[in-house]
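In the form predicted on its own, a lone chain appears below as structure tokens.
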Amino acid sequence: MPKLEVKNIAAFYGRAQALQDVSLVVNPGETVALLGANGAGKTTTLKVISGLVRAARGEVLFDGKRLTGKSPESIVTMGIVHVPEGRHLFPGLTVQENLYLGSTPRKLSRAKMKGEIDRIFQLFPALGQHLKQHLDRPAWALSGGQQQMVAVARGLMANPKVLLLDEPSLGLAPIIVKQLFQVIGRIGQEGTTILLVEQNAPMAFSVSQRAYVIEAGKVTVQDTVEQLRQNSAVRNAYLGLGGEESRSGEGEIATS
């Protein structure tokens, strides 16, 4: 499985700089979390990787091949699939039609597409099995949790080598978030490499091996999940576990 590398990426929206020399690595078969507050640059990082935002400098490498400057369509065909924040399902299409669109880069027959849907829903808990019984329903008629499951399943229909997930738990009830992260955990266990942008740090840590913290467009911390759980500043800012050590003024987040 190929390695994904982001090297010294800078990106702008107009004159506003969104990313400043961001570097990260996602090794084959890893799930890596990217944490940070709103506006920190997490989504922009994913968009640079998937070709939706052009980097001003730096490069993105996948299996040693340069992605920077390639179109989003060509990046998908190389095996990198982006599931964006907000789901972005096609409301005028059924669940099944949305899933079929996800398989477009593979040019599967209709029979093989149905087989892929069956395979993917085996990764899902009860909610996914419920969706399987409602493939002919319009996407707009689904609940938020069901729509998010369809968005993830649509991404999997492309058989990605790397799955970029942007805020998958946003706006979902806690019980649905738990089910969703069961799915993400299973996807990782099946061998898909995942880069996960998520503000729910405890859930992100539950499925990840390593994590990066990005603040004001810069990576400020990177480490294993086990080590970050012991970092007092990370515990206080992202895990809601601040204790005496975080109130003492020690453990300010800084580049590792």
Ligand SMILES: Nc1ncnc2c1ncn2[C@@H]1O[C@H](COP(=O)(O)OP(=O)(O)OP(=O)(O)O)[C@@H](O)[C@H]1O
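Counting begins at 1, following the sequence as shown. As the structure is a computational prediction, the values presented were derived from the model and not from experiment.
Keep in mind that the form predicted together with the ligand is not shown, yet the notes after this line are about it.
>> Quick check on this chain: which one of 43, 231, 220, 209 has a heavy atom within 4.5 Å of the ligand in the predicted complex?
In response: Flagged contact: 43.
> Among 27, 227, 199, 189, which has any heavy atom within 4.5 Å of the ligand in the predicted complex?
Replying inline: It is 199.
> Is residue 167 a contact residue for the ligand in the predicted complex, using a 4.5 Å heavy atom cut-off?
Replying inline: Residue 167 belongs to the contact set for the ligand.
>> Since only the chain is shown here, I'm wondering whether residue 37 would be in contact with the ligand in the predicted complex (any heavy atom pair within 4.5 Å).
In response: So residue 37 counts as contacting the ligand.
> Using 4.5 Å between non-hydrogen atoms, is residue 18 touching the ligand in the predicted complex?
Replying inline: Output for residue 18 is yes: heavy atoms within 4.5 Å of the ligand.
> Is residue 85 close enough to the ligand in the predicted complex to count, meaning some heavy atom within 4.5 Å?
Replying inline: Output for residue 85 is yes: heavy atoms within 4.5 Å of the ligand.
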